[in-house]
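So this first bit is one chain, no partners, the form predicted alone, shown in C-alpha cells.
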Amino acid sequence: MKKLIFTIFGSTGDLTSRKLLPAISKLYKENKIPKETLVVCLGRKSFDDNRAYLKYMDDAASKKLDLDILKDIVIYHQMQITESNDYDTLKEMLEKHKDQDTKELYYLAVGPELFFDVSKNINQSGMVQKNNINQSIIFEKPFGHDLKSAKSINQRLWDFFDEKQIFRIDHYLGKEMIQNILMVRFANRIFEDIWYNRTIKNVKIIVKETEGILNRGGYYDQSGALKDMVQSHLLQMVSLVAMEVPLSYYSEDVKNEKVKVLDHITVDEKSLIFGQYHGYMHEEKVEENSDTETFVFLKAFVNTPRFKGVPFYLMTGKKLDKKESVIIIEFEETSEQRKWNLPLSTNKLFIKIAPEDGVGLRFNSKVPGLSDDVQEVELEYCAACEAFGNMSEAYEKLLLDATGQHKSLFTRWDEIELSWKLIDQIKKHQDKPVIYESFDALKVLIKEKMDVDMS
C-alpha cells in the first residue's frame, strides 16, 4: 500500500478529537501507515483553514494533539453530509489525491440515524464501488437500537457495499487484554486443559465506571446500559471466554466459534437487576422521570457441552465505587481441598482489561513460618508495565487492521444479530430501575437475590 486516504464523517465530534486523530497521528509517526497518507475531515462547521480546524479539535481533545504531524496530513472539507449534491465536490477533491492503488477508508463517526443517508450518498456519487476491496467503510456502534432496526440498517448497507468492505467497530475488541484472551486460553496448556464446566465454577464479567453519562444524555437516555454495554462489549467478552477452539485464528474461523456461543446463551430472567444512579434525571438532555438504566446485573448460561451449567455473571454500571473492567474465572475446589481444616479460597484467574492491563492468578499457599496458616497469594503479569508506557490505544490497533483488511477484531453481522436477539428477550422482562446512591446498596441487592459477591 503506497497511499492511504482516510475520510472522516462527523470530524468535529468528540470521537474524532479524543480517539481518531490521536490514533492516526501515532500510527503515522511510527511508520505504521504510508507516508502518503491524507486525512480528509468532513463537517458542516466553517473554518478559515486547516489550522483553524485543528486548533478547534486540539482545544476539544482530552490530551493535546500532535499538531506537528496532523498539520501536514489533514484537510478539512466543509459540507453537509446529508446533501447528495455536496458529494460531487467531495469526490472531485478526492480524485485529485488518489491513484489506482490508493487504499480508501471512510469512517462514519456519526449516529446510526445517518448511516443510510451517508452510505447511499457515498455509493451513488460513485466514490465507492461495491466489491472494490481497496475501498472500505467503517461504522461505530450502536448498530441499531433493537434487532428490527439493526436488520434494517444492515440490509440497506448491503445494497451499497459488500460485506468484505464493511468494518463494524466495537472498540473494546481493540483493547490489549481483550486481544490476549485467546492467547491466554489456547497458548497455555495449564488453562486450556481446565477450561471446562467440570473445573470452572463461574465466570464474572465486570465493567464498572465512576463517572456518570457526562455530556451523552441525548444518546444515553435512548440507549441505557443494556444496549450501550451489554449488547456489545460484555457479550463479546462472553463469546471469547466460552468459544471452542477455532479451525484457525483467521477472522472468519474465530467469528464462526463466537457466533456458536452467542447462539447458545440463555439468561435467567429472575436474576435481572436494573439500576439508575441518583441524580441521573437531572443530567442534561435526559427526559424527566426517565426509566433508563445506568446499571445492569444478570446471570446467563452458555449451553454448550464445554460450559453447560456454569453461571456467567455480567455486571456493568456508572457512578460505581471504582473504574474497573475485568473477567474473573473462578475454579471449583479440588476434592483434596475439602479435607483441609483451613479457610482455603478457590483459585481465580483475573483477566484485567482496565485501568490496568494484565493477568492475575490467585491460589492458596502456606504462610511462611512454623504455623500451618494459609494465605491467598497472586501471581500477576502487568502488560502495561512490560510495555514501558508504550501500550497502544484500542483505536490504533483497529485502524491499523482496517488499513490491512484484517477483520478479526471487528464484528460480523451474525454476531450483532444474535446479540440483539438476546437483548430483545431481556427487555421483555425489564423492570423499572432501582435508584442507587452507591455501589454498596447494589452489592447487597445482588447478594440477597443471587447469593453472589460482585465486589
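These figures come from a predicted structure and were not determined experimentally. Just count from 1 along the sequence shown to find any residue number.
The next section is about a form of this same protein that is not shown, the form predicted together with a small molecule.
Undergrad: For the interface check, one of 316 to 324, 259 to 267, 102 to 110, 190 to 198 should have non-hydrogen atoms within 4.5 Å of the small molecule in the predicted complex; which one?
TA: Among the candidates, contact is made by 102 to 110.
Undergrad: Among K98, H145, K141, K348, which has any heavy atom within 4.5 Å of the small molecule in the predicted complex?
TA: Looking at K98, H145, K141, K348 one by one, just K141 meets the 4.5 Å heavy-atom criterion.
Undergrad: Looking in the predicted complex, is the small molecule within 4.5 angstroms of a heavy atom from every one of D291, K427 and H429?
TA: Verified in the predicted complex; spot residues all out of contact, no.
Undergrad: Taking the shortest heavy atom distance, is I81 within 4.5 Å of the small molecule in the predicted complex?
TA: It does: once the small molecule is placed as it appears in the predicted complex, I81 has a heavy atom within 4.5 Å of it.
Undergrad: Even though the small molecule is not shown here, does K443 get within 4.5 Å of it in the predicted complex, heavy atoms only?
TA: No - in the predicted complex, heavy atoms of K443 and the small molecule never come within 4.5 Å of each other.
Undergrad: Though only this chain appears here, would K45 touch the small molecule in the predicted complex if you measure heavy atom gaps against 4.5 Å?
TA: Contact with the small molecule, yes.
Undergrad: Mark S25 yes when one of its heavy atoms lies within 4.5 Å of a heavy atom of the small molecule in the predicted complex, and no otherwise.
TA: It does not: once the small molecule is placed as it appears in the predicted complex, S25 has no heavy atom within 4.5 Å of it.
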